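Read the single chain below, which is given as structure tokens and is the form predicted on its own.
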Amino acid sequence: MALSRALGARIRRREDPRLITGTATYVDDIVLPGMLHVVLVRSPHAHARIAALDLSAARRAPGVVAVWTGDDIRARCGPLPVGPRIREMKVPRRYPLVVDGVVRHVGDPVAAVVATTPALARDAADLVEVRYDPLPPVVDVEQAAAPGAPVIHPELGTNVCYRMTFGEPVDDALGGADVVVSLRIVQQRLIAVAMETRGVVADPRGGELTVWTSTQIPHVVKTALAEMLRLPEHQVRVIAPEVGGGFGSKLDVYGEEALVAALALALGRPVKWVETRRENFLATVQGRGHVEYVDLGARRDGTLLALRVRVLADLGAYSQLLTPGVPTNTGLMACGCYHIPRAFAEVTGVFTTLPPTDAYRGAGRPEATFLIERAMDVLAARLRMDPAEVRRRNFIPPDAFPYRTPTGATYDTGNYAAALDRALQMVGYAALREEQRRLRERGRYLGIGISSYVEITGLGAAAGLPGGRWESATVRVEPTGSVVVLTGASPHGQGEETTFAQIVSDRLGVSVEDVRVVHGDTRAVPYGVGTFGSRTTPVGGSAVYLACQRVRDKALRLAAHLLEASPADIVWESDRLAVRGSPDRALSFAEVARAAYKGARLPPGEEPGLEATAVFGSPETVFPFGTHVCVVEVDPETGQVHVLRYVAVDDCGTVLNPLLVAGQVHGGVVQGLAQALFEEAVFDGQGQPLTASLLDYAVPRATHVPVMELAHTVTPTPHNPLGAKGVGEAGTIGATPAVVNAVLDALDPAGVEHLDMPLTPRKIWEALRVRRR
């Protein structure tokens, strides 16, 4: 693999001008002649039986074209798909509207009102009269899994969706340890809060069904819609226009997509639905929602002996596309960066009467990193050892790769100590510890938090998420020498329109400006999997690389034929193909392309044109890693946390564009910091959301985010031709434990060993007050 002027360059994102000038097109920008609008009537109860449903007033309202309930949709649409296949997993059927007369979370859709304008549809929806008989809600995941809990889906006979184990029992190993630290960790529910809420437009005209939807996986949605609506798949076209953020929440097939499409087909007119922000808080999938029990055993010198993890994962009311599979990542990755001779993890997925959970940035890996990194810090404190030293002592050594963990993951490459050492050097660790000692003597609470992480990319990676380890790309050279890349991946802000152009520039010698990357339209691009799980560059980029290689090979054959030389004698220099030792005998890449399309002087057996399609199927998953260090000071009088410094050293293999990698790390760290300090989806005992708007759900602001000091180590993977590992979720995975470890390190003199996230000022202040009594 050769790296050129394009790969590795700090090139600004080519997609940004249209985004920051307001000229990009999102779903809600699409307006079609005769378009109708949908408003959904949603349940105000977390669990209730529908005793009566009166649609008569709504149907008489001005502008109303149709009012549908579950009976209408079930006649036209099958159940929503569920992707994971886990042994003995229980799957309740779910339709776009409630079909069995029971609502199972606040926001469950009961009826759909279609009218000529959004306002008329909203007014008519208010006229739908529903009488509910409340049923007992089940909000707490541990209570939901306990015997005797009200069963949410009676046909399943239990609230437990599945149990999945990793590794072998370790009770004997823990019994022989000198020290065992035990933790109960709550991974609070989080909401993705994409700037653009979900939206769908469906148009049944023209002999096919065209669906515009804000999604990360347009091809998967196309196939699912064809199956659910019982249509030939070639009659379904899905377009993901500009997507204003997803963070995993749009890695799904939603009922609204099928509902709007079914309405459009039935009514013969375009139909639009755009989610309100309140609906986004009630009906879009949420993230995390774990209760985790961790036991970590070690010798007195800090050497790890055994790990036991039990995860109770709150799946919410239903299984969405990947709901059951996401928590399995936590069990698979529970060992983190460490050589732990014995490990066992049990993951139990449990239904509750809350909105469904599913992928959220990191999707099970942040939860795994958090539990092992918190346990490492607590272990260090118990042994009165430096937390950096405990980590260094137990890192998997570089010469041990490929390394198989006791929980079943096989890490490709790594040098964890190098990332830790670089981060400690950047932050000035020894001097910081000395400053901390001095400040503590003056009653000030300075904290230093370390998080060393390893994650898994190239999904479907998790044990519960088989398949999907491939991506497609077509590289089409036009007769003038410019290039179009058609990618099955569907980037939506990650910057692959830039990095994919850099790959083409590297392989074919054209400028980045002469490459256009097309994605998101299932009619235009080859079938693909989508963008999620930090997979797009290592998997989708590798498909682009392979397609370029095929174009390159053909161009070499054509040039050799035209120049009357052997292909082995053709030298590719920038955009020129010349005969070795005869620089005057040369053709530009554009001249070769034009000759390929003229077709008059082709080698025997060669087809006209200059285009290739490749599918890259990753034989193995890849494992980025790194170390983050956070420095905070806590005000003991207010509980306020001030983030003073943030250092991140990440290793995503080959870095294709340092500027874009930095942007991904920046955004990821903010999201991880948000979980540590600010965000939580809160529900009361009746399942009512108490944080159902941006007035209550505390996303961080710019003033909450520190200046980040970033660096990289580079440890390429052998599992793809680019050596790239992916970086989209690294910041989120590394940040949350780094921040929490820093805060609890600051509170160590006060005897505060553990607090549940988010670490709000009130929670910290109350913990300090209790210790002072």
Partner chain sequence: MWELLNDPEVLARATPGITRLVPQGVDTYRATIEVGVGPVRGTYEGQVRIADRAPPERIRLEVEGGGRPGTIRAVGELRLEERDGQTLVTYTGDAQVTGLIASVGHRLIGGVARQMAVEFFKALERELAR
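Positions refer to the first chain, counted from 1. The model shown is predicted, which means the values in this text are computed figures rather than measured ones.
Quick note: we don't show the form predicted together with its partner chain, though the next part is all about it.
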Inset, instruction - Note which of 70, 44, 716, 721 lies within 4.5 Å of its partner chain in the predicted complex, where distance is taken over heavy atoms; exactly one does. - result: 44
Inset, instruction - Have a look at 469, 278, 516, 90 for me and say which one sits with a heavy atom within 4.5 Å of its partner chain in the predicted complex. - result: 278
Inset, instruction - Specify the contacting stretch among 381-389, 310-318, 324-332, 126-134, defined as having any heavy atom within 4.5 Å of its partner chain in the predicted complex. - result: 126-134
Legend entry - Distance check, residue 156 to its partner chain in the predicted complex, heavy atom within 4.5 Å: no
Inset, instruction - Evaluate residue 688 for contact with its partner chain in the predicted complex, applying a 4.5 angstroms cut-off between non-hydrogen atoms, and reply yes or no. - result: yes
Inset, instruction - Classify residue 171 as contacting or not contacting its partner chain in the predicted complex by the rule of any non-hydrogen atom within 4.5 angstroms, answering yes or no. - result: no
Inset, instruction - Using the partner position in the predicted complex, report whether residue 606 sits within 4.5 Å of its partner chain, counting heavy atoms only. - result: no
Legend entry - Members of 576-612 lying within 4.5 angstroms of its partner chain, judged by heavy atom, in the predicted complex: none
